[in-house]
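Take a look at this single chain, the form predicted on its own, given in structure tokens.
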Amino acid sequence: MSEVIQKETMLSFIDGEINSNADSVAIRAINVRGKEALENTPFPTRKDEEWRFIDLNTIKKNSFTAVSEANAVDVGDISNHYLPEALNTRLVFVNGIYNEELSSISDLPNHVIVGNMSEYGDHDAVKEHLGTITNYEDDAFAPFNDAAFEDAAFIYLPEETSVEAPIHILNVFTDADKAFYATPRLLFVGEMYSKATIIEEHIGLANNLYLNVPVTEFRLFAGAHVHHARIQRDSKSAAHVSRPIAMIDRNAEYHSYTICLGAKLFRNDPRVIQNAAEVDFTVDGLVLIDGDQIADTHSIMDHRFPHGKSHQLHKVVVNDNAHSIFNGKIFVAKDAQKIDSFQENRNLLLSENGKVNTKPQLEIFADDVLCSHGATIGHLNDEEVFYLHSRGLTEQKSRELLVYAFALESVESMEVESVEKLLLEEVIKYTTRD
């Protein structure tokens, strides 16, 4: 008699039942949808094309419990992580749970909503847009977030509203006795001609193991303009699997910049969907990894209508035994003429044991487009090192300066001064480590 092999699902690595305590009817409906999807969605393996380069043992060999069962340490004083430009436009989530005491939202224009989604479950924008664009087919992680989240950041900008101060979504994760999972969520709805800068941070306060599965949804209507910086500084023992997605309408601009510094395993699947003609969007990234870190980015720039402009520059620095994977897809539908799309993946290897797998990809079904893609993998240029060395720098300082210069272009894209300064400090810390 043949043995029936049971496929592993996301639930195979969860200790106990997934129970959301959300008060919102809209959130509970998404919770139910997520649980139903999880029961029939197998956990990915190397046999799956989208996962064939990545080692998922950080998740598979562990069991994760709800934060309420993990005996998590109190958050303590985290004021050093506040942005001076966003002192009163800040939402704080501790291990995925909203913390009202640490949040401050007093400096916002009238009618702008920035708060915990549980308080706005009856808002029309929540009912209409929550969970409507997270179309990650056959994915175990987006429905896991659906099933488990109970608190979420909700940002709503009415028509022709501009928020001058950056809105800071600060997700922090504390030490705990047990490995736990967290499911941060963000829904941003920008009505016509609204404008905002969003800084989304994920920070591990200790070096413990946890599973961070965030989902961010951006819905931009005609003429809306958003600058979205995502900074990942999770614990280097943690796993971070994120699902950021944006849908943008005519004349809208969405510019996303993801900075990966932490986590033992980082998987990021950004997607931008063109929902009307004449849009402009960016999906840039900077990855700085060392030790045994894994960073895997699978992006989709989805052009469905004519006259779209998109840009992706994904820069990676790999040291020690770290491993970077990149698969960026430019998709252009049949009737999406006059698309101008650029994609490039640049990789800098600092060690002999580091590894890079890269696959820029075009799927173009229109004939009047200007699309380009490319990838480079290389070591530091010996002639450049020698030149700097000959000008009085030590060889080590010469190498540090070249790595700094390689990363600088991505950091300079930040529109918030304190964020740019923070990232420059992180780059220096990376280049000068022992």
Partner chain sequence: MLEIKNLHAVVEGEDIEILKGVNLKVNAGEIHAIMGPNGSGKSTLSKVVSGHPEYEVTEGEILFNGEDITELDADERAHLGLFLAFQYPVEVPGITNRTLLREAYNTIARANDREELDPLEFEDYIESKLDVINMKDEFLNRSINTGFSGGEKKKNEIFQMAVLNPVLSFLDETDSGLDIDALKVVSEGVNKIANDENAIVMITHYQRLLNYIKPDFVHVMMDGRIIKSGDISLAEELEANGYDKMEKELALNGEAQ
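The structure presented is a predicted model; accordingly, all values stated were derived computationally and were not measured. Residue numbers count along the first chain shown, from 1.
From this point on, the text means the form predicted in complex with the partner chain, which you will not see here.
For a residue to qualify, one of its non-hydrogen atoms must sit within 4.5 Å of the partner chain in the model of the complex; none of 104, 110 and 113 qualifies. Just one of 375, 32, 402, 366 comes within 4.5 Å of the partner chain in the model of the complex, counting any heavy atom, and that one is 402.
Of the listed positions (28, 379, 389, 52), a single one reaches within 4.5 angstroms of the partner chain by any non-hydrogen atom in the model of the complex, namely 389.
By the criterion of a heavy atom within 4.5 Å, residue 394 is counted among the residues contacting the partner chain in the model of the complex. None of the heavy atoms of residue 48 is located within 4.5 Å of the partner chain in the model of the complex. When the partner chain is considered in the model of the complex, residue 384 lines it closely, a heavy atom lying within 4.5 Å. Residues within 4.5 angstroms of the partner chain in the model of the complex, judged by any non-hydrogen atom, belong to 404 to 412 and to none of the other stretches in 56 to 64, 404 to 412, 366 to 374, 36 to 44.
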